[in-house]
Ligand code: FAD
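Encoded as structure tokens, the following chain is the form predicted on its own, with no partner shown.
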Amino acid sequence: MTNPTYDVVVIGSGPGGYVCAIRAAQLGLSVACIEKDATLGGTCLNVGCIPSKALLESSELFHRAGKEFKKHGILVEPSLDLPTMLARKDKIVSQLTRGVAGLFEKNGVTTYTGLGRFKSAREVEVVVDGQVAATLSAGAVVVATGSSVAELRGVTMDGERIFGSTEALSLPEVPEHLVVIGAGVIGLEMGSVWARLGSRVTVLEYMPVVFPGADADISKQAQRSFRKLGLKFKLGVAVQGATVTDSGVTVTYTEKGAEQTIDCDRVLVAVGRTAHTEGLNGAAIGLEGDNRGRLEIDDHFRTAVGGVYAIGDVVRGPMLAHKAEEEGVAVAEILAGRAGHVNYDAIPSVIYTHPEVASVGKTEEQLKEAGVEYAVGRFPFMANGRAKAMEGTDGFVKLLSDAKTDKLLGAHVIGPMAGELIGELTLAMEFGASTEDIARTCHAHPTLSEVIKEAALDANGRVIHI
């Protein structure tokens, strides 16, 4: 068996891996990408970002048709065709995963299907059905193996009654009562989907707030909005176990020291994700994980093993597809002799619920903890003409700036199209803009972006429309 040699071998074809492979190829390097699954794109394209957003969009339209269209003078009584909704989601996934394969072909990236496993620091085996199908020699190896669904002690997932985010994307029927363990991004996105389609949804969360780690004002507003949708919350509770019964599932949890139970017919476990290194054989070459299983890297994405780099969910930082993409580009450019860099202070995050939630930079709580003097600018969507026309008045924009220099330090949006609006604020942070810079920028009228301008004006004590 010959050992093909490449300048770069990428293990994993998720957003970080496939973007890294394409950029490295564009820079003239010979590149191979190893993917353990039958389709490219990793968790994000196959069972994460893309299918969940497809269902969020479909379920929101169904909800609006039944609850809000009459405000517009549109009288309909929608009925749900769940198989068609799920088929639409699957079609979108298929189109995008095939698109990655097309991009690989266009850019000359060689694809290997199988499990990528280290034989040495510069040799990677492709394992298919337990057998070594190929051994690739590499000038450098980039580990981009992503993350897996985190498990909860005492709760065994069977994939049917008790399941994770992957199974939540393809339930064969709308649950009568869905219990979601975890009030984070995945739990509330998928909880929203099934609530809109008719489920009674109860969310159990260990922390005393929804979206732990978010700006406190955003978290409070989000919880109010979710309650309007019908979600019920039990915060500050510790789930002890879940037992499948003849009629469904019984979840046991403690609240203020007292044991409680709740009966439902399905349970979604959404307590986060963990770095995925299973099968990598990293220990054989001295590649060790930290106390959370993540591979340790320096500021240039180098692991402790010479020639081995790592990016994305398998390393430190937020588990976000676009963060992985930026790291993929940066490491490819480093390997090509260029200066790759990621500004981690300007990595946005988006939660695609209704209303959407988006943020970039520091929260108010983080600034207080760091002892930074700051100013706050706020403006509600309720006072925006475009938001009123859209029936999207829940939420606000909140800007945090340095009290002395006015430099934008953090931005938080909850409201319609927050995921699109955060782009302007991320760009402002990337260029070191002040809130006055934003306030003096002409924003089209009537648009949702005017809320950003007004929040910036508020930070300078001269808000106009409130």
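A residue's number is simply how far along the shown sequence it sits, counting from 1. Given the structure is predicted, the values throughout are model-derived calculations rather than measurements.
Same protein, other form: the form predicted in complex with flavin-adenine dinucleotide (FAD), not shown, and the subject of what follows.
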>> Which is the contacting stretch out of 378-386, 191-199, 358-366, 271-279, given heavy atoms within 4.5 Å of flavin-adenine dinucleotide (FAD) in the model of the complex?
In response: 271-279
> If you check Y352, F104, F396, F163 against flavin-adenine dinucleotide (FAD) in the model of the complex, which one has a heavy atom within 4.5 Å?
Replying inline: Y352
>> Please tell me which of M417, M429, L29, C49 lies within 4.5 Å of flavin-adenine dinucleotide (FAD) in the model of the complex, judged by heavy atoms.
In response: C49
> Is D37 close to flavin-adenine dinucleotide (FAD) in the model of the complex, meaning a heavy atom pair under 4.5 Å apart or at it?
Replying inline: yes
>> Please tell me whether any heavy atom belonging to H322 falls inside 4.5 Å of a heavy atom of flavin-adenine dinucleotide (FAD), as the geometry stands in the model of the complex.
In response: yes
> With the partner left out of view, is G114 within 4.5 angstroms of flavin-adenine dinucleotide (FAD) in the model of the complex by any non-hydrogen atom?
Replying inline: yes
>> Using a 4.5 angstroms cut-off on non-hydrogen atoms, would A24 count as touching flavin-adenine dinucleotide (FAD) in the model of the complex?
In response: no
> Relative to flavin-adenine dinucleotide (FAD) in the model of the complex, which residues of 437-466 have a heavy atom no more than 4.5 Å away?
Replying inline: none
